[in-house]
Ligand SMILES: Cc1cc2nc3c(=O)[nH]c(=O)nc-3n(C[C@H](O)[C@H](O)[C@H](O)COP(=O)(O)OP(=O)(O)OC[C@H]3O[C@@H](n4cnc5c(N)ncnc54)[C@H](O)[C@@H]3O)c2cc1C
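So this first bit is one chain, no partners, the form predicted on its own, shown in structure tokens.
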């Protein structure tokens, strides 16, 4: 299925309505941009607004992973984004003296078809996404502020303000991707569950024209005198993050004199152009509700986490991938609106597992008591020497609308690469797909079937056959967001898809 055809949804008909749009996306950071692009690709008419007249010009997110690059691939922009990034060799937690406590390797090609980790320059990536929105026909309105909303059985009316005054816009659904201080969340009166992890850090984003002997690494420096994060970003960009100690104030830490003192051990202050300086509070928060009728929230509006696992932006983009196809199914009349409740049911446990991991990492880093830090170092170094240090990070599979008794259900389907460099997802559209060992004629119309015994699947057949062997299955049904609905016999999968996964079908 070609991309232009896929833009009309996997059933091939563009959705018409009498509203101003099917979907209004409030907030055009990476999460909002990805959601808007995916929704438009599924055949929805989308309006996306942002209060800023331009995309945010300063760096924020530091890294993203191979699952996110795969989503960028789905949008047709991975090849544009890849040159803007750098693949780090590893991610280390080290002592003040440079001993390695933890080392997380980064595979050059992970199971989802891309490198496991990318360091990015967020403004450049956002520009690519904005350009793609224009190409897809998403109506973007910048310099527009969301004020309030009301909703009824047929849609949502949002009150907006711009340079011409106050106006309304009518949509079938609205999603707030409007950040940690989300006005959409506030308008809904949604509260936050606080993990009570709250640590202030100074974040410095810099350009160093002559990096010299600056290490091209990604390190968490677990120094009780001053915990530090250091990252070589893409190109000539470097990031330092310094934890504030008790009694230090943001104003003090943001002064030029204090920043120069903090950078002095790196012997580079005279070569640095400072792009951004800010004090952030690293904390864990999850919204109690992610949906209220026809209004939903995603990204930082729904959850916030410490940066130590590098999963903040990633989690928001996963929200967008999970939500876009469900909104399209509801608005195509293929599912009842209750399907949208599975969004939070599936995503929240995944997000909470990541927050728990990030906080655990943060507690390793943010230790200011020297005696406690010495004990931490001794224990972790001993475990590392004994080969008992587990550096794998396995986030849970999704739970909920899956054929849960089948192996692999809820996991992310792998993306093998052929010998000529073609990635498997190029054969998939934007909807679900049934992958079978051999062609089966009784698959219902409207469900794309990819048979491993056909010529176009030959380059991928060995890898996928081996995966099916591990699942002890003849076929796999993959959802639009590339998660495995279930594995087993074709008839079993199709009956389950028509029943369990589509329990809300109209």
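The structure displayed is predicted, hence computed values, not measured ones. Residue numbers count along the first chain shown, from 1.
What comes next is about the form predicted in complex with the ligand, which is not displayed.
Asks: Pick the stretch from 299 to 307, 349 to 357, 417 to 425, 243 to 251 whose residues have a heavy atom within 4.5 Å of the ligand in the model of the complex.
Replies: Among the listed stretches, the partner-contacting one is 299 to 307.
Asks: Taking 4.5 angstroms as the cut-off for heavy atoms, does residue 280 touch the ligand in the model of the complex?
Replies: Yes, residue 280 is a contact residue.
Asks: Taking heavy atoms only, is residue 197 within 4.5 angstroms of the ligand in the model of the complex?
Replies: No, residue 197 is distant from the partner.
Asks: Examine residue 474 and determine whether its closest non-hydrogen atom to the ligand in the model of the complex is within 4.5 angstroms.
Replies: No, residue 474 is distant from the partner.
Asks: Wondering, does residue 41 line up within 4.5 Å of the ligand in the model of the complex on heavy atoms?
Replies: No, residue 41 stays farther than 4.5 Å from the ligand in the model of the complex.
Asks: With the ligand left out of view, choose which of 69, 468, 49, 480 has a non-hydrogen atom within 4.5 angstroms of it in the model of the complex.
Replies: Only one listed residue qualifies here, and that residue is 49.
Asks: If the cut-off is 4.5 angstroms on heavy atoms, which of these, 151, 404, 255, 145, is the one near the ligand in the model of the complex?
Replies: For this set of options, the contacting one is 145.
Asks: Can we say 224, 228 and 362 each have a non-hydrogen atom within 4.5 Å of the ligand in the model of the complex?
Replies: Not a single residue of the candidate spot has a heavy atom within 4.5 Å of the ligand in the model of the complex.
Asks: If we check the ligand in the model of the complex, which of the residues in 21 to 38 reach within 4.5 angstroms of it by a non-hydrogen atom?
Replies: 26, 27, 28, 29, 30, 31, 32 sit within 4.5 Å of the partner.
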